[in-house]
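We give structure tokens for two forms of one protein chain below, kept apart as structure 1 and structure 2.
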Structure 1
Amino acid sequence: MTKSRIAAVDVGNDSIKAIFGEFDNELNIPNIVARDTEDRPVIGIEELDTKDPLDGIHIRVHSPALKENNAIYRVGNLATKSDNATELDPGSSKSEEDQTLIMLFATLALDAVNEDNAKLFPKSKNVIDANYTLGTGLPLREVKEGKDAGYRSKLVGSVHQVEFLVTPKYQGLKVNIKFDEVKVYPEGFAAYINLVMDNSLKIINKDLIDRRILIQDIGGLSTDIAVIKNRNVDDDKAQGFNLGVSEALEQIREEIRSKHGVELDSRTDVVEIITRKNDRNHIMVKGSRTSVHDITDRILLELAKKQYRLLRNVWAKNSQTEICYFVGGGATVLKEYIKTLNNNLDGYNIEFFEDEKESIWMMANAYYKLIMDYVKKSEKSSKAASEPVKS
């Protein structure tokens, strides 16, 4: 029987962050898809085998979990060049969108076809059979509504096939994906695990372990505020909100287009303009470096005020809280605005991660730690059960 490969996948609203195996492969793909046809035209050097497959993901996805089965998609960077590209809409449920599954399957298939992993899975002609043990998560609101069970049941017990069409290096390959196990974690709980434990699930942050803390995880479409006390997430007090940064990013993108005539491919491009080290909040307009500070400051400050109100309301109901950690891609975008508001208003004890990658990859890292822990415990109990009983 094929050994199952560990996969920890954060289907973020901005991009997919995934970790495989023994931390031996990471993938980060913009969460954008576009419906397409089988015979997409190939342009110039795209035909070269040296082209990065991540820039040309063109797939057909067959899965009983999908509402629209057997459709063809451009995914990630390639999708940004399409007029009909779609990103997840505010108000949508991650667990119920085809796009979430398409991105998940595409990411796993890219790992399976990676030449470095050729010995991991059996291959017959052009078909690879890949088994995964998956750790992933959903916003707290969806878990509280019980949608995690439905999401998990879509994945386990079925075969999901990804066929690479006009994709550099992988054209013509098919991957059959099966899940030995799927664990769906609430995002706030996952953030807590990542804060206090290392990759071996050893406690690394003893100062935090017994403190009362909040974790405000700002995503693209939602915000989760986890309430931690007595080393546990208080499920009753933890809250999920339909407020993320996607709508603000879309508004910035639209205002840049109408004011400066510059078309940005995706929300990812907007995030890059807001967060990069050099020339932050600047774009090129007809070859001239141009500030868009007026647009970004107004829109992001308005969103930061709403996020701050959420913090204030949850803290009021948990008055003995000692510190709030802001995590997630949205926290990276809003960091300076929330800090300024806090300095001018309540002065809560809040903290952001200065390492932006650490904040953005926090969920994927947490799912990795949790699924590795599950696998190790499963192997231990299987070994104990198989050992002969000593008389």
Structure 2
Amino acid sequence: MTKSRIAAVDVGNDSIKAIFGEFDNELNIPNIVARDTEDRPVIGIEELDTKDPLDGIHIRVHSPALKENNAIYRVGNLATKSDNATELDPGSSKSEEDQTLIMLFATLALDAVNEDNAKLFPKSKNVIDANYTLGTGLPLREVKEGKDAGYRSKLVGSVHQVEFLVTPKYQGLKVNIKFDEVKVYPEGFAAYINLVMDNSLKIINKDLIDRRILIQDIGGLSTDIAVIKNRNVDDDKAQGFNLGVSEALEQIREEIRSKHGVELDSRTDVVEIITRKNDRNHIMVKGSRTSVHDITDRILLELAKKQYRLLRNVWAKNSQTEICYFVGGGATVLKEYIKTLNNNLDGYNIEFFEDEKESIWMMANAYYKLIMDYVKKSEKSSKAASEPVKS
């Protein structure tokens, strides 16, 4: 039997974040897929060898877990350019969408075919047999509805195959994914674990562990507020809202286009413009440095106000809350606006993460800690079981 590789995967509505093995590989892929046919046109013969595989994920996915088996997809950056691309709809259930599984399988397959991991899994001809121990999560709402059990059994029960079609470097490779174990954690709880515990689940934040905390996770399409009490997520109090930052970023892009005639490639470009250290909120227009501060300020302030209103409502219902942490990519974008609002208005005890990566990778880090801990504990107990009892 081959050794199982650890994978901690956060399937965010905006992007997938994944951590592998001994933290030796990380992947971040936009959560976007588009149905396709077998032969996507390749521009230029060399493209397949020289391009980054992550910019050309083109796969067929075979799995009994899917509603639509054996379909072909463009995934991530490559799908962005398709006109039939789909992103997850905020009202939908992550656990029941094929898109969640397509993204998950594609991410694992990309880790399995990575040259650095060639020794990990057996490979015969063009087929790699990859075994994973997976830690992942679902929104609290879906866990509350009991959907985690169904999601887990879809994954563990069978072999899932990803076949790379017209993908640079990996064309023609097939990966058979098998799960030795799958743990599905509720998202809000995971964020709490990451705040109070280190990689070996030792408590690093004694101060925080018994406090009443809110965690406001501002994502691409949604915002979740977890309520933590008695070291646990208060299921009944947690709330999810269909409000993220993607829409505001898109609006900024649109206004820059109509006002300045400048076409930005993606929302990522917008994020870059509003968060970079030097020359923030400026773009080049026909070679002249031009401020877009008026546009970004107005749109982001509007969104910050909405986010602040959500905080107020949840805080009002949980009046004994001691601190609220803002996490997620949206927290990075809105940090200064929310802080200013808070200073001028209610003055809640709120906290942000300095390091934007920490904020965005919060869930993936938490799943990593939790699944590592699980593996260590089960290794220990199986070792104990196989050792003779000393008398």
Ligand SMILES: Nc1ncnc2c1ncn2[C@@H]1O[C@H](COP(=O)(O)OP(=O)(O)OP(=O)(O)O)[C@@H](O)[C@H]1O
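Predicted model, so just to flag it, every value in this text is computed and none were measured. Residue 1 is the first residue of structure 1, and the numbers go on in sequence order from there. For the two forms, the rigid core is made up of the largest set of C-alpha atoms that agree within 1.5 Å on superposition.
Trainee: Just checking, which of these two is the form predicted together with the ligand?
Mentor: That would be structure 2.
Trainee: Would you kindly verify whether Asn232 and Ile177 are assigned to a common rigid part between structure 1 and structure 2?
Mentor: Note: Asn232 and Ile177 assigned to two distinct rigid parts.
Trainee: Please report, in whole degrees, the rotation of the smaller rigid segment with respect to the larger one between structure 1 and structure 2.
Mentor: Here the smaller part turns by 11 degrees.
Trainee: Leu334: how far does its C-alpha move between structure 1 and structure 2, core aligned, in angstrom?
Mentor: Leu334 C-alpha displacement between structure 1 and structure 2, core-aligned: 3.1 Å.
Trainee: Taking the rigid core as the frame, how far in Å does the Cα of Glu263 move between structure 1 and structure 2?
Mentor: Displacement of the alpha carbon, after core fit: 6.2 Å.
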